[in-house]
Ligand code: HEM
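Before any questions on binding or motion, here is one chain by itself as structure tokens, the form predicted on its own.
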Amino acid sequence: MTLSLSETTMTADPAAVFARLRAEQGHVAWVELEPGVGAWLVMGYDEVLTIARRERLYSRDARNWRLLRDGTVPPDSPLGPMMFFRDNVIGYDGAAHGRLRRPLDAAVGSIDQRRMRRSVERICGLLIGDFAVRGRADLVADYAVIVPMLAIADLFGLDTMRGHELLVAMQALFGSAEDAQDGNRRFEELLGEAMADRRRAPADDLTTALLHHPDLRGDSEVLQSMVVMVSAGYHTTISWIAQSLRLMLTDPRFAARVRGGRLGVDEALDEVLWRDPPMCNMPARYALRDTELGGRPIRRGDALVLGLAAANHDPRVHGGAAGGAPGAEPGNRSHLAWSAGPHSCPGRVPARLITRTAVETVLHRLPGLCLTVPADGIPLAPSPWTRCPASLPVSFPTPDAPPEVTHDR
């Protein structure tokens, strides 16, 4: 029976699933995306680098997907928002990709990091101040989903209400369930409204910068550039923050090293990128001719999903240990959390700034933090692409109350 891709993200032990798949199929495994729709999950570190860097053989353009062309995948498939062709930097290779990538790199490079850090510190402080008096919180719903939402909304000149609506739309989009197409439509509508606002009233924000970038030809390309930047930055940063906090609450070794100062916050964040990268499975590349990868025959038009989490657990890059030992070496940033090649993530610097600030603020503002459910009771948000805690219920001392008995394992 073919394994569903979602089984690699919704399991309590992804490393065990990766090890089983490798034992059965090697470093390139056939998985099911939805009933009747299969793809190759590329789990080998070297194999991921191969397809990420060889765009003349493995294209990002989903119009090359054979199962889409022959009608096996219907146009209303929930896979559409994540896998179908988009007329933006993600959908193209070569010179067209380079032209559309330049505005994104310029926008990220224009961010005033000191100003952004102050903004994120203020957001984190206000959020923690709101729930600190209760002695209880959900560090996902009350914190991890809100911090990047407000931080990225601020970068693009979006108000808080639109930021909340964007979050709801993106959760549907990344979930690849029945509401994915509706979420995608609402997501683009909200960004289109922000564009219209900035055409009427330009401001010092990324929306205005993209509207005036000479490489972008018309409102459609501006909108799709915003789609890429906001979607890539929002959901993945939520996951990075939530997974970092989860490890601090459930892994005594990790927590002791962070709180004891033996592992700096940046090194801790890198360990999370090795163990549970924000985007576990990256869609997708499409073979432009029959070829071979990792000993598996790849047919022209096959879809290949970049298993970034699986590649980070590749035992060949961790001394041959079963299951690998990702993140064991502090300062090692050779993980594939940001992918590689021309389509690697352009937003890693602001994502790290937001995540580091969010995690540091929790460490400083919430001493005595404890999980109030068993570690194996933490639910995961449904998605075949990401593996993000859906909630992290915690308690912590308040000035007027002693700590309660809680679960920390």
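Source: prediction; values computed, not measured. Start at 1 and count along the sequence shown; that's the residue number.
FYI, the form predicted in complex with ligand HEM isn't displayed, but the following is about it.
Colleague: Report the residue, out of 137, 158, 89, 82, that has at least one non-hydrogen atom within 4.5 angstroms of ligand HEM in the predicted complex.
Modeller: Answer to the contact question: 89.
Colleague: 132, 228, 288, 247: which sits within 4.5 Å of ligand HEM in the predicted complex by any heavy atom?
Modeller: After the contact test, the surviving option is 228.
Colleague: Among 181, 184 and 385, does every residue place a heavy atom within 4.5 Å of ligand HEM in the predicted complex?
Modeller: No, the candidate spot makes no contact with ligand HEM.
Colleague: Only one of 228 to 236, 69 to 77, 160 to 168, 195 to 203 has heavy atoms within 4.5 Å of ligand HEM in the predicted complex; I'd like to know which.
Modeller: It is the stretch 228 to 236.
Colleague: May I ask you to state whether residue 27 is within 4.5 Å of ligand HEM in the predicted complex, using heavy atom distances?
Modeller: No.
Colleague: Is residue 306 close enough to touch ligand HEM in the predicted complex, meaning at least one heavy atom pair within 4.5 Å?
Modeller: Contact with ligand HEM, yes.
Colleague: Is there any non-hydrogen atom of residue 339 lying within 4.5 Å of ligand HEM in the predicted complex?
Modeller: Although ligand HEM is absent here, residue 339 would touch it in the predicted complex, with heavy atoms inside 4.5 Å.
Colleague: Under a 4.5 Å heavy atom criterion, is residue 174 part of the interface with ligand HEM in the predicted complex?
Modeller: Close contact is absent here: in the predicted complex, residue 174 is far from ligand HEM, nothing within 4.5 Å, heavy atoms only.
Colleague: Let me know which residues along 337 to 370 have a heavy atom within 4.5 Å of ligand HEM in the predicted complex, or say none if there are none.
Modeller: Contacting residues: 337, 338, 339, 340, 342, 343, 344, 345, 346, 347, 350, 351.
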